[in-house]
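First comes one chain, alone, set out as structure tokens in the form predicted on its own.
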Amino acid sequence: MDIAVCVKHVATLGDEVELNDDATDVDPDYLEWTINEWDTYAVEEALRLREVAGGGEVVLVTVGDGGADESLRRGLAMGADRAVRIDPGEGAGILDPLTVAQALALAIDDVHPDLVLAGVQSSDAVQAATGTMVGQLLGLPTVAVVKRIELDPGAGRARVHRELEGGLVHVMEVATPAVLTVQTGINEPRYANLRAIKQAREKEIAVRDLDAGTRGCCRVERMFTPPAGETAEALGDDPAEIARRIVEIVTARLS
């Protein structure tokens, strides 16, 4: 059972934020980088499916600069077999989901996996688009927001539980190979021990370049803190007075 897993290296903000000198990005000193939370569940699910199948290879694939190696090595420490990073190069700008999906699909196509997993969305862009685009580009059946996978490798099918709005669950069968985007809570991602972390540091990460001439969809011209608006008004403790004041505010806004 060979499984490809799409992962993303994402930045998280602390309580305090400062911009860089030209106000085009957040000062790196105020950012912490890590593997996308949804993708940790995808990696864990791939490892569990490999164990159930009794063997195979788990390959991690990402698009990013050298900093993304940190997230790939975390996945390797969890138990993935190897990793591939597509380097966009300098000046590529902000890559849109379709461009990222195209790069991922090309790398995954070389792997010829029995299954492709990805997190439902990334914590930075929150677009939930890349995984499903990868499925369409590969021409594979695609199921989004999966919270349970029952794989039958011999039959070439998988039974998946898909999370819908309102707490509903859609149970369906899908032919494999397929692309599944994984929801948080599908499992409990394992922690890597020190030995595994050390071994992951020694593994080579295959690096390939993004297609020449590929550029992002946009670039940042300026970032700034929006000006403060009107201050909030305390309405006191008396319920009757609060109700009267709310009526006044609403009436004034509607007039």
Ligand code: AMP
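From 1 onward, residues are counted along the sequence shown. Just so it is clear, the structure is predicted and the values come from calculations on it, not from any experiment.
One more form of this protein, predicted in complex with the named molecule, exists but is not displayed; see below.
*Asks:* Using a 4.5 Å heavy atom cut-off, are 63, 120 and 125 all in contact with the named molecule in the predicted bound form?
*Replies:* All of them do, each having a heavy atom within 4.5 Å of the partner.
*Asks:* In the predicted bound form, is there a heavy atom of the named molecule that lies within 4.5 Å of any heavy atom of residue 116, even though the partner is absent here?
*Replies:* No, residue 116 stays farther than 4.5 Å from the named molecule in the predicted bound form.
*Asks:* Taking the named molecule as it sits in the predicted bound form, is residue 129 near enough to touch it, meaning that at least one heavy atom pair lies within 4.5 angstroms?
*Replies:* Within the cut-off, so yes.
*Asks:* Quick check on residue 179: any heavy atom within 4.5 Å of the named molecule in the predicted bound form?
*Replies:* Contact with the named molecule, no.
*Asks:* Answer yes if any heavy atom of residue 6 is within 4.5 Å of a heavy atom of the named molecule in the predicted bound form; otherwise answer no.
*Replies:* Residue 6: yes, in contact with the named molecule in the predicted bound form.
*Asks:* Since exactly one of 100, 80, 174, 138 fits, which has a heavy atom within 4.5 Å of the named molecule in the predicted bound form?
*Replies:* Contact check passes for 100.
*Asks:* Looking at 203-211, 183-191, 34-42, 50-58, which stretch has residues with any non-hydrogen atom within 4.5 Å of the named molecule in the predicted bound form?
*Replies:* It is 34-42 that comes within 4.5 Å of the partner.
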